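In the block that follows, a single chain appears as structure tokens, in the form predicted alone.
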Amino acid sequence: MVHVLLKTALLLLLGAACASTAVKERAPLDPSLPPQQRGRILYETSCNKCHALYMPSSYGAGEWPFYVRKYGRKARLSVEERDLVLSYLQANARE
């Protein structure tokens, strides 16, 4: 019983920490940077707030859309930002 309570408390704390960091404003990206670089910056600065970053080659290009769609919303990325992240991940995905 104690194990279940500790696990629940930990999950609530992690969820609160993740939610509080996702609300922060991101610095605007330099539009003169290439899209791939903007996608990499967004991935590295947004996705690591809730979990360790995965190497883009951890998944195939066809697998990344599911994760970006699902977790991009949680990270409060706009549709354009999600597209940039997805483009970066797919360009560097496993063959």
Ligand code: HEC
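Don't overthink the numbering: it's just position in the shown sequence, from 1. Quick caveat: nothing in here was measured; it's all calculated off a predicted structure.
Only in words, not in the display: the form predicted together with heme C (HEC), which the text now covers.
Wondering, does L77 line up within 4.5 Å of heme C (HEC) in the model of the complex on heavy atoms? Because a heavy atom of L77 falls inside 4.5 Å of heme C (HEC) in the model of the complex, the answer is yes.
Can you tell me whether C50 touches heme C (HEC)? I mean in the model of the complex, with a 4.5 angstroms heavy atom cut-off. It does: once heme C (HEC) is placed as it appears in the model of the complex, C50 has a heavy atom within 4.5 Å of it.
Going by heme C (HEC) in the model of the complex, which residues of 28-67 come within 4.5 Å of it through any heavy atom? Going through 28-67 in order - heavy atoms within 4.5 Å of heme C (HEC) in the model of the complex - the hits are Y43, S46, C47, K49, C50, H51, Y54, Y59, W64, Y67.
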